[in-house]
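Quick heads-up: it's one chain on its own, the form predicted on its own, in structure tokens.
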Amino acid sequence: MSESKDTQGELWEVFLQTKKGLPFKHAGSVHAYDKEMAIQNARDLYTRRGEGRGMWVVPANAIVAVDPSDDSSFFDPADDKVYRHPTFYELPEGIKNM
């Protein structure tokens, strides 16, 4: 048996912004050999119905993640920083929703 070779190119992650001013959200992934091809593939796959107004295409190997073994210490709440809780702030009059 011969060993098969990966011919898809590198993996790229695609983030779309649906309207100007809104946050970018992960839409999916594409394979490509360079950034121009990644942008074209992402456009063809994720914006063919006009879903996006902005697009980020990022090499998957450039994304940094938290090590799962560190998740408990990394995401522990900062209980010693009570000033971060909104109960210590007075809202000005006229503000209904915050």
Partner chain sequence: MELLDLSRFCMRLGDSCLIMAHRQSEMCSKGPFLEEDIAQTNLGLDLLGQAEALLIYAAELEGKGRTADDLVYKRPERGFYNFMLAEQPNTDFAFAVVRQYIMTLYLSRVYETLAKVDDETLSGIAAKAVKEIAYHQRHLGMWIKRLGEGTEESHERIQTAINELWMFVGELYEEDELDLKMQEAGYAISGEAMKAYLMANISSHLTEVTLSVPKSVYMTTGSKKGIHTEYLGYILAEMQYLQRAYPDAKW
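Residue numbers count along the first chain shown, from 1. All of these numbers come straight from a predicted model, not from anything done at the bench. Heads up, when I say rigid core I mean the largest set of C-alphas that superpose within 1.5 Å between the two forms.
The same protein also exists as the form predicted together with its partner chain; that form is not shown, yet it is the one meant from here on.
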| At the 4.5 Å heavy atom threshold, is Val30 in contact with its partner chain in the predicted complex? | yes
So, in the predicted complex, is Met37 in contact with its partner chain at a 4.5 angstroms heavy atom limit?
-> yes
ask   = Would Ala60 show up as a contact with its partner chain in the predicted complex if we use heavy atoms at 4.5 Å?
value = no
Near its partner chain in the predicted complex, with a heavy atom at 4.5 Å or closer, the residues from 37-60 are Met37, Gln40, Asn41, Arg43, Asp44, Leu45, Arg48
Rigid core superposed: Asp34 CA moves 2 Å or more between the shown form and the other one | no
